[in-house]
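A single chain comes next, written as structure tokens; it is the form predicted alone.
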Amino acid sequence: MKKRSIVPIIYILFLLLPIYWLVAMSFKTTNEILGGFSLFPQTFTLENYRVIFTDPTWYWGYINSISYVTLNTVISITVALPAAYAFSRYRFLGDKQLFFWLLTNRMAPAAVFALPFFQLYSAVGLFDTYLAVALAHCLFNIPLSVWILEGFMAGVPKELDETAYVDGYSFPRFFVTIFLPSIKAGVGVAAFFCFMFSWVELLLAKTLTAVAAKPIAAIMTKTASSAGYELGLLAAAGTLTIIPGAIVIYFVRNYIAKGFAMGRV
């Protein structure tokens, strides 16, 4: 083994250690976790996972999270695509200022908008719905998506648009059949960041839901019982929350690398 490969290996192992520890804890009982230090489960149990897959409170938390995250990703990308195209292809009065203003929304903490969203959605009947959380997350994800997609679109020559129009393509046909395939890497990168932000965001998701749309992140904060926190159950739930993100990363890993190369990630 070359010496220069030792440091990256140690670094990767260091990054994987918390994940291993979480997975190992998920197969332990709470008493064993509190009883002392052990690298491997002394009493291997699947009880924690059984509770999650049989208790509606737990598995509906995952369904709720996946539902509003998917809805948010679709809305954010759908809205960001035409906006990014306009910024990349046209110059108009105040375009740079508007583009900067979009990004400033992304800079604000979610706590600033929690109370206004709560009052608004309660008034219009959207409280405790998937759409409420999805729309709230759009405030952060649409500006980011516009910024990412604009960078990819700017790299596509304008001659492509002109050639398509000369060939008789209408704009919708050109955009869907020619332009979108040329920026599919950008769409993948933007969708990834929309998914990850919406998946891990807790404050807005917890504030804007009560029962019907409560996400798994909010349910995980309520694992306390009369005997204390159910650490094994919490570890199992945490392990399962990693899986959707890992799946998304696997499918868009090449697109993310291209985003880094273009300086948009």
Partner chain sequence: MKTVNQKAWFFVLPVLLLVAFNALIPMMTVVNYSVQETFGNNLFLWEGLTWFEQLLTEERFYKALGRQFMFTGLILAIEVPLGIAIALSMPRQGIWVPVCLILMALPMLIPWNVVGAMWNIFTLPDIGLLGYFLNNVLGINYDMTQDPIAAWVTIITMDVWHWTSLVVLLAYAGLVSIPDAYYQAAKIDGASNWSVFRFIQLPKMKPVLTIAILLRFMDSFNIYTEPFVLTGGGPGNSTTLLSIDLVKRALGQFDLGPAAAMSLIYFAITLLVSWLFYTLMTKDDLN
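Worth saying up front: this structure is predicted, and the values here are computed from it rather than measured. Positions refer to the first chain, counted from 1. Here the rigid core means the biggest group of C-alpha atoms that line up within 1.5 Å when the two forms are laid on top of each other.
Although it is not shown, the form predicted in complex with the partner chain is what the next lines describe.
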{"query": "Option touching the partner chain, based on a heavy atom within 4.5 Å in the model of the complex, out of Tyr130, Tyr169, Phe193, Phe179", "finding": "Phe193"}
{"query": "The unique member of Leu102, Leu71, Ala164, Met153 whose heavy atoms fall within 4.5 Å of the partner chain in the model of the complex", "finding": "Leu102"}
{"query": "is_contact(Thr221, the partner chain) in the model of the complex, heavy atom dist at most 4.5 Å", "finding": "yes"}
{"query": "is_contact(Ile142, the partner chain) in the model of the complex, heavy atom dist at most 4.5 Å", "finding": "yes"}
{"query": "The partner chain contact in the model of the complex: Val187, any heavy atom under 4.5 Å", "finding": "no"}
{"query": "Any non-hydrogen atom of Gly238 within 4.5 angstroms of the partner chain in the model of the complex", "finding": "yes"}
{"query": "Complete contact of Leu46, Ile52 and Arg173 with the partner chain in the model of the complex (any heavy atom, 4.5 Å)", "finding": "no"}
{"query": "Contact set, 78-112 vs the partner chain in the model of the complex - heavy atom within 4.5 angstroms", "finding": "Val79, Ala80, Pro82, Ala83, Tyr85, Ala86, Phe87, Ser88, Arg89, Tyr90, Arg91, Phe92, Leu93, Lys96, Leu98, Phe99, Phe100, Trp101, Leu102, Leu103, Thr104, Asn105, Arg106, Met107, Ala108, Pro109, Ala111, Val112"}
{"query": "Pro172 C-alpha shift between this form and the one not shown of 2 Å or more, rigid core reference", "finding": "no"}
{"query": "Post core alignment: Leu98 C-alpha displaced by 2 Å or more between this form and the one not shown", "finding": "no"}
{"query": "Flag for Val74, CA shift 2 Å or larger between this form and the one not shown after aligning core", "finding": "no"}
